[in-house]
Structures are given as structure tokens and as C-alpha cells.
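Take a look at this single chain in C-alpha cells; it is the form predicted alone.
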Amino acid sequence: MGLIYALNGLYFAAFLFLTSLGLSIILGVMGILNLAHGSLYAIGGFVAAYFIGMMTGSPAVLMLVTAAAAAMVLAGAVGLVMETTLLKPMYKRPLEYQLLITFGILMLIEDLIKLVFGGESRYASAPFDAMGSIEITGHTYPVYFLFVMGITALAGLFIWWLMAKTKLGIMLRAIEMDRDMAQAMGIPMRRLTVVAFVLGAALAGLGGALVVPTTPAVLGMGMDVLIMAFIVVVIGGLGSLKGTLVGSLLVGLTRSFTVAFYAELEMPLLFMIAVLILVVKPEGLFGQK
């Protein structure tokens, strides 16, 4: 049974990793504390649920790929509009202005989701049902959970390649490490900050798209995952791919075993871990000082 709990933790860590990685990129490159990041996750969930509902009867993988692609594109487009119209004037303002504007954007997007998709929950379990289950240590386990882990692993490898092996990634990491020096070296700051925000928004949309076959898309679904994503970033360290991965695994596994044995301790235990890491290593496990 412990193996099943561990696999459940890895599944939760998978879509949390995608959402947290997007948040970490935006925070690291732009220095924006984006409270509206959870609403981009919610957009991905609602868009994916809509497309899966439209494609019921199609092969499961085709439904998921189409829904995930649509969710990433729309979440990225919303992120682009958000950054270029609402957040751009906030970069040189104090932190409280950023918090207020991004919280306002969160409320605005929630209302827009309600306007477009209605206030009712949207279910999209067709891919989950179509993939069936396999037997692991005498227990049935959904194939969809393993599929999500595989997709997340591929996405993580792609982001690693993008950030470590391409000119774009090197410039983004340079901005994250020292903005003034990066600007002095002629790196196109404005263009790259837009790229970073759109990339982070698209990752949040992908995370939301992958979760709706097991959890209905509901209003406010982005708030819980936003809190978890902040915990992951605190644990792993700002802008660190390795830190985001380790933080997601720690949060996912802790949550799975805690819910299984003593559900009331789920959030207090996660916050306790985050506080302890802040005390011992304020920059996070793999963050830069």
C-alpha cells in the first residue's frame, strides 16, 4: 500500500511541478510576485475540460494532447495580455502595488471564467476512464496517473534543455542572476521578460489541463494550487529547476502520506516544512543567495 501512496504523491507532484516551475520562472526572471498565477492554472483546467467534452469518443491521447495544447496557448495568450497591459507599469513600483494588481487580476479572471464557462463545475473524466488501470502490488492503479507523470517528465526535460542549452535560456538565467549586468551586456530585457511570463503562464495552463480528468474544473480551483506552488518555490529556491522538482516531490509525497494517515495535518505540516527551510536556508534548498 505504501507504493500506491508514493505513486499518488508523484502524481500530485507532477502537475504541481509544472505550475510551480512557471511561477518560479516568472519570479526569478521578472521579480514579480504573481498572485494571479493560479488563475492561469484555472484557465487551463476549464479550457481542457471544454475541449475534452467536445471530443468525447475520440482516442484518449488525442483528446489530452488537443486539450493540453489549447490550454497552453490560451493561458499563454492571457499571460501575454496580462503582462503587456497590466503588469508592465508595476515593475518599478513597491511590492504592495504588485500584490494588489495581481490579486485584482486574479479576481477579474475568475469573473471572466464564470462569464465564459458558467458557474457550474465541468467534468472531463473521459481520458481517465478510457485509459483504464493496471495492477501494482495487488492494487489497481490508474494508467492516467502514470501518463501524467510521463508528460511532466518530458516537459521538465524540455525546460531544462531550453534553460541550459539554448541562447534564450542562458539570457534568461543571466537576467535572473544580475539584471543590471544583463542590461549592461545588451540583453533585450523587455522582450525576454515577456517570453518568461508567457512561458510561465503556458506551464500553469498545462498543469491545469492535466488535472481536470481526475478533478472537476471549478471556480476558485487555482487558489489551492497557488498556495502549494509558493510552498514549493520557498522550499526549492527561486529560479531553480532542480529546486522546483525537489520541492514538488517533497510536497506531493508529504501530502499523499499525510492525507492517507492523518488528513488534518496536511497543510500545517507543509507550512511547517517551509518555515523550517526558511529559518535554516532562507534562499531555499537550491536557491542563490
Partner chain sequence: MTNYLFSSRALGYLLALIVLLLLPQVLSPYHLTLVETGLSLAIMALGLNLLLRYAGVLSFGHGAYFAAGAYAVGLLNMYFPDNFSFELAMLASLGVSALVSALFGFVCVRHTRIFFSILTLALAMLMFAILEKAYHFTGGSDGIRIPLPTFFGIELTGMRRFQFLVGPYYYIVVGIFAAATLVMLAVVNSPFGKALQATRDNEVRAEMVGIRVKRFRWYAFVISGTFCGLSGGVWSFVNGHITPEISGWVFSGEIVYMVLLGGFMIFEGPIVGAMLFTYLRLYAVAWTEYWMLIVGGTLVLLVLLLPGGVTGGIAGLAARLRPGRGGGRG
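Numbering follows the first chain given and starts at 1. For clarity, every value in this text was computed on a predicted model and none was experimentally measured.
Heads up, the form predicted together with its partner chain isn't pictured, but that's what we're talking about next.
Only one of 170-178, 88-96, 187-195, 70-78 lies within 4.5 Å of its partner chain in the predicted bound form by heavy atoms, and it is 88-96. The closest non-hydrogen atom of Ile227 lies within 4.5 Å of its partner chain in the predicted bound form. In the predicted bound form, at least one heavy atom of Gly104 sits within 4.5 Å of a heavy atom of its partner chain. In the predicted bound form, its partner chain sits within 4.5 Å of a heavy atom belonging to Leu35. When its partner chain is considered in the predicted bound form, Val251 lies well away from it, no heavy atom lying within 4.5 Å. The candidate spot formed by Leu115, Leu238 and Met267 is fully in contact with its partner chain in the predicted bound form: every one of the three has a heavy atom within 4.5 Å. This chain is displayed alone, yet in the predicted bound form one of Leu245, Val29, Val234, Ala49 has a heavy atom within 4.5 Å of its partner chain; that residue is Val234.
Along 269-283, these residues reach a heavy atom to within 4.5 Å of its partner chain in the predicted bound form: Phe271, Met272, Val275, Leu278, Val279, Pro282, Glu283.
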